[in-house]
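Single chain ahead, written as structure tokens, the form predicted on its own.
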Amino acid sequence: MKIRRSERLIDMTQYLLEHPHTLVSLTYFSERYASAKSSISEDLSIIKKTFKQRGTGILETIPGAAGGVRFIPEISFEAAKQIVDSLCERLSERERLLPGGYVYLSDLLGEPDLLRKVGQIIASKYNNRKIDAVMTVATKGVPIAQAVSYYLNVPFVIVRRDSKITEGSTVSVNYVSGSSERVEKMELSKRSLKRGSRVLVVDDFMKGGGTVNGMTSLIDEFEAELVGITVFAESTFSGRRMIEDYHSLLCVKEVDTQTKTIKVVPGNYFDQASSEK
């Protein structure tokens, strides 16, 4: 049954938002709404213009018989910076200071709207890179990895520090914790990652970089390729960090347990993003 154009525009927009990085043919939309391809093309032009004006993303047109449109989620530098500046203020609250100089951020990683925005910011960095999987370590990195994988429309895999019988056979590596210098172990199910996969590593927090370095070792064991590393937050580290090439959204610059003050600033994501503008 043919539907009204207003309804068609709403449904098409929703479909594209729910299927990022997916090529959708004009024939599919034409049959879905019992409408001529010329009408569908006009609708897509309206949606493309709106996405651009609102900073929602890019609606890419692929010409040819096998072509169509592909929605690529994107967030502007200004919008991303505004979100992260707000996060800096929230993380600088003195109530977040925990014994030992740790900063509490679990509540932020439990907010669906914030996770959605963080996922979009991180994913936007890799829109032009082929990604086959997003990798993180259990447990706090999981919601971030899930949000990023949604916007890249790829699976996410979870590295664990102890094997589960439900994981089947696993590949394990030993790694040195960058902050405590203890030797620890992490494992990943052999079924989680295909050989030759291009992997994006994400994590919630990085200090010495030992955990992230362990994940890069696992990627090597699977004969896969590391595409990039992005962490939600990092802290200053007096020693030599095990990872040098990475992006961070936030940086915990100073923690004073005596005055109970925390200073959080935007991470190097924006230094690099600014140079790419």
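Here the structure is a predicted model, which is why all the values come from computation and not from measurement. Sequential numbering from 1, following the sequence displayed.
Omitted from view is the form predicted in complex with a further copy of the same chain, to which the following refers.
S.K.: Determine whether any heavy atom of Leu91 comes within 4.5 Å of a heavy atom of a further copy of the same chain in the predicted bound form, and answer yes or no.
M.R.: Answer no; every heavy atom of Leu91 is more than 4.5 Å from a further copy of the same chain in the predicted bound form.
S.K.: Can you check whether Val142 is within 4.5 Å of a further copy of the same chain in the predicted bound form, heavy atom basis?
M.R.: Output for Val142 is yes: heavy atoms within 4.5 Å of a further copy of the same chain.
S.K.: Can any non-hydrogen atom of Glu95 be found within 4.5 angstroms of a further copy of the same chain in the predicted bound form?
M.R.: Yes.
S.K.: Would Arg191 show up as a contact with a further copy of the same chain in the predicted bound form if we use heavy atoms at 4.5 Å?
M.R.: Taking the distances in the predicted bound form, the answer for Arg191 is yes, it comes within 4.5 Å of a further copy of the same chain.
S.K.: Look at the candidate spot formed by Ile131, Glu254 and Gly267 and say whether a further copy of the same chain comes within 4.5 Å of a heavy atom in all three of them in the predicted bound form.
M.R.: Looking in the predicted bound form, the three residues Ile131, Glu254 and Gly267 all stay beyond 4.5 Å of a further copy of the same chain (heavy atoms).
S.K.: Within 4.5 Å, heavy atoms only, which of Ile243, Leu249, Ile47, Ile219 is in contact with a further copy of the same chain in the predicted bound form?
M.R.: Contact residue from the list: Ile47.
S.K.: Which single stretch, out of 75 to 83, 161 to 169, 122 to 130, 195 to 203, brings residue heavy atoms within 4.5 Å of a further copy of the same chain in the predicted bound form?
M.R.: In the other structure, the partner sits against 161 to 169.
S.K.: For 145 to 159: residues with a non-hydrogen atom within 4.5 angstroms of a further copy of the same chain in the predicted bound form?
M.R.: Going through 145 to 159 in order - heavy atoms within 4.5 Å of a further copy of the same chain in the predicted bound form - the hits are Gln146, Ala147, Ser149, Tyr150, Tyr151, Asn153, Val154, Pro155, Phe156, Ile158.
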